[in-house]
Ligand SMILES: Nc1ncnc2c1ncn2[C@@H]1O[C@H](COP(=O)(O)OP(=O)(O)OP(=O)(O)O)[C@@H](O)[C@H]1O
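Shown next as structure tokens: one chain only, the form predicted alone.
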């Protein structure tokens, strides 16, 4: 029998590396392997120790491969970090054909024009995502191919990243034995897993609160309108628990996962939590109220900073569908209620869409990016995704940037 096509997503998180393997079965996706391991060598979404990062990736991929029963050699990978920046650009071209019938080549030309922006030499475009097209000043067109007009315009959401950070992701994955098919902005990937099409049309904000970052993406009228990475996440909460309770960091993380809550009853306030001592000191007990007093202000701070970012984006008034929160920190009990109070919007916790195969394993917010990478790759395979007009490899980008820098200064 011919080998089924396989799609692999690797989520490079600050606290965990997740690898998900899916097979395409009669044009449906079937999850056949899942691997997750603690992340070492990454800080706030950026690789800071290549060797440790490679080892973590290999462990996650090997675990997923053993579950699937075969090895994989290519993947889609997520990219995040405070170095990520985004802007919305506008471009216009004249159609040159008789009758003015717009072709795919015209789409490529207008997207290329949109990407002709001045960038520092150390940055490269990761995504150029069409928001909407205009033909002869008629707005709101999503697919202009085949339509007639003499002037084609496009609003495009452009995401850029530091070349060195992207290069390190490529290098780490290749050292782990994986070819990178594409780098995908993590909140964009997560949106494939947890957002519904009606939410994207009506207007929705996505918050992917991971270990080291909070990734923000705003969608409206069927397209992404804003993306941003805030360098705060679950680690921030864990660190405060470690300091406030004077316990080792790994124990603080365990306490957060088991006992942390943002809704606390009078009975829970009195319940005691065992806290391991640090440096050989004796264990001791603290009340749930003390843990709550540490966790709640930190989560409030993350949400308040996020709220400011949403308002600063200029799209806070279009979020009719409210906000969807996903990522590991979304597991905190009561996060949706607290977020509704601070954001003044309806909030729900985003659970990845149900797929075939080992779907129950990945029905968890921590796998939102990994599942989204699978769905992104599946859509790209089916050529439903509008291709990036500028689709050069990161190594080519580095070479080009270096040549520009050398010419300028020497």
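Positions refer to the first chain, counted from 1. This one's a predicted model, so the numbers in the text were calculated from it and none came from an experiment.
Missing here is the form predicted in complex with the ligand; even so, the following discussion is about that form.
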## Note on the structure
Only hit among 211, 149, 144, 130 for heavy atom within 4.5 Å of the ligand in the model of the complex is 211
#### Entry: Position in contact with the ligand when the complex is considered in the model of the complex, options 108, 300, 85, 235, heavy atoms within 4.5 Å
235
### Task
Find out whether any non-hydrogen atom of residue 78 is located within 4.5 angstroms of the ligand in the model of the complex, and reply yes or no.
no
### residue 45, heavy atom within 4.5 angstroms of the ligand in the model of the complex
yes
### Query
According to a 4.5 angstroms non-hydrogen atom cut-off, is residue 327 in contact with the ligand in the model of the complex?
yes
### Query
With a 4.5 Å heavy atom cut-off, would you call residue 175 a contact of the ligand in the model of the complex?
no
#### Entry: Candidate stretches 254 to 262, 198 to 206, 135 to 143, 166 to 174 - the one whose heavy atoms come within 4.5 Å of the ligand in the model of the complex
254 to 262
